[in-house]
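Take a look at this single chain, the form predicted alone, given in structure tokens.
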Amino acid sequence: MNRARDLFTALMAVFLGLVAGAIFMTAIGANPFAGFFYLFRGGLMSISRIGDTLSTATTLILTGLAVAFAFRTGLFNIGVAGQMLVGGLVATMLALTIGESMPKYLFIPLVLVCSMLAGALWAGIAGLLKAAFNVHEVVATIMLNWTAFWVVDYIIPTFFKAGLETESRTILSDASMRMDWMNRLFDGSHVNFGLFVSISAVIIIAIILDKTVLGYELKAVGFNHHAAEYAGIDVARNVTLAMAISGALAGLAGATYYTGYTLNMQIGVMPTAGFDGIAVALLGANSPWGVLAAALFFGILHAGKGLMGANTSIPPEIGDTIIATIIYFAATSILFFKLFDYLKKKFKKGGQA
């Protein structure tokens, strides 16, 4: 029943967000039907555009999973952007130093493992502070975001800069997650091996949360840590572990983004995908499968807003406004829960009559 309610909430948030988008388009004198046509066509009109949608969704799946996993265990990981930066930094350093000297089938697993460890350690600091000293994870992760930001700001220009001080050298294809066969299949789009990594992560996290003792303990701590402690669960260990797993997912996002999509790191830029993951988790109701669907939907909107702006008088920012409105309605899910329960009771009464 909770799944039906969550689906109802997500669909209502999307519907109301699109209605709000239509109102915005009408308010500026544009045709909302044309706007939506190009908005959705832009992400699906060709195999290349589909590849771009999947490429955008790849990062959103992993950052959404990172946020959702923390939420499901009672934690608020607002530091996904920083953990993504640290994971991406480690991946970039490996790609620019040893990437070309190793076979790809060995190098990619190495990058993924090291990026996961980096993200896990970075988020684990916040988890440890929470477990040992009750430092709120929101404060700790926000501070760690900026610590990661300045670490990248120092390391990239000092050791890995390109012609410009503001970015690293470009990662060559042999040291990236781009695959020649995927490039040919999706007609030159940015889709890369990270797509398989993100889908695998969805499956693994779903199994951990729903089918394992570890998942039960982590969720129990999230629901009520006093009751979990009374039941004999090690609360401190599970809080630290939950943050570490969340950070590992964010580290994976950094690896797939910087070595599969952008192919370099820029300083002075906090990755927006780290914050977009909060939106994906909210719309996906903190479910791994919901996160997958929400990330694909947002991927379509991100990929299509440029075409909408190019073919109509509607600015691409309207696409961002639609996304923001959907997030707003998803965040007010309690209203939809009450509506769902009301409709359920009315339906039952009607059936009994």
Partner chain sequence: MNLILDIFPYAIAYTMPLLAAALGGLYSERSGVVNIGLEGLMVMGMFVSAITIAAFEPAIAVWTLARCQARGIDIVASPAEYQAIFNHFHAMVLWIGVLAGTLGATIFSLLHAFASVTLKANQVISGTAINMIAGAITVFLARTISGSGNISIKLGFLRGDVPVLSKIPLLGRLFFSQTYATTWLVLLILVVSWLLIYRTPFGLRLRSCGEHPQTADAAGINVYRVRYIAVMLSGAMAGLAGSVMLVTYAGEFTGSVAGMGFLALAALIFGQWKPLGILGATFFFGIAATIANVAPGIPRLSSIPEWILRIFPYVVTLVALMLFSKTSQAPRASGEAFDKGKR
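Numbering follows the first chain given and starts at 1. Model, not experiment: these values are computed from the prediction.
Unshown form predicted together with the partner chain; subsequent notes refer to it.
Student: Has each of Ala140, Tyr154 and Thr332 got a heavy atom lying within 4.5 angstroms of the partner chain in the predicted bound form?
Tutor: So, yes: the whole triplet contacts the partner chain.
Student: Please determine, with the chain shown alone, which of 74-82, 183-191, 223-231, 100-108 has non-hydrogen atoms within 4.5 Å of the partner chain in the predicted bound form.
Tutor: Flagged stretch: 74-82.
Student: Which of these residues, Leu296, Ile327, Met45, Ala34, gets a heavy atom within 4.5 Å of the partner chain in the predicted bound form?
Tutor: The residue from Leu296, Ile327, Met45, Ala34 that makes the contact is Ile327.
Student: Please identify the residue among Leu301, Ile314, Leu307, Leu292 with any heavy atom within 4.5 Å of the partner chain in the predicted bound form.
Tutor: Flagged contact: Ile314.
Student: Although the partner isn't part of this model, could you tell me whether Ala132 comes within 4.5 Å of the partner chain in the predicted bound form, counting any heavy atom of the residue?
Tutor: Yes, Ala132 lies within 4.5 Å of the partner chain in the predicted bound form.
Student: Would you check, heavy atoms only and a 4.5 Å threshold, whether Ile278 touches the partner chain in the predicted bound form?
Tutor: Close contact exists here: in the predicted bound form, Ile278 approaches the partner chain to within 4.5 Å, heavy atoms only.
Student: Hey, in the predicted bound form, does Leu96 get a heavy atom within 4.5 angstroms of the partner chain?
Tutor: Because no heavy atom of Leu96 falls inside 4.5 Å of the partner chain in the predicted bound form, the answer is no.
Student: Quick check on Ala120: any heavy atom within 4.5 Å of the partner chain in the predicted bound form?
Tutor: Contact with the partner chain, no.
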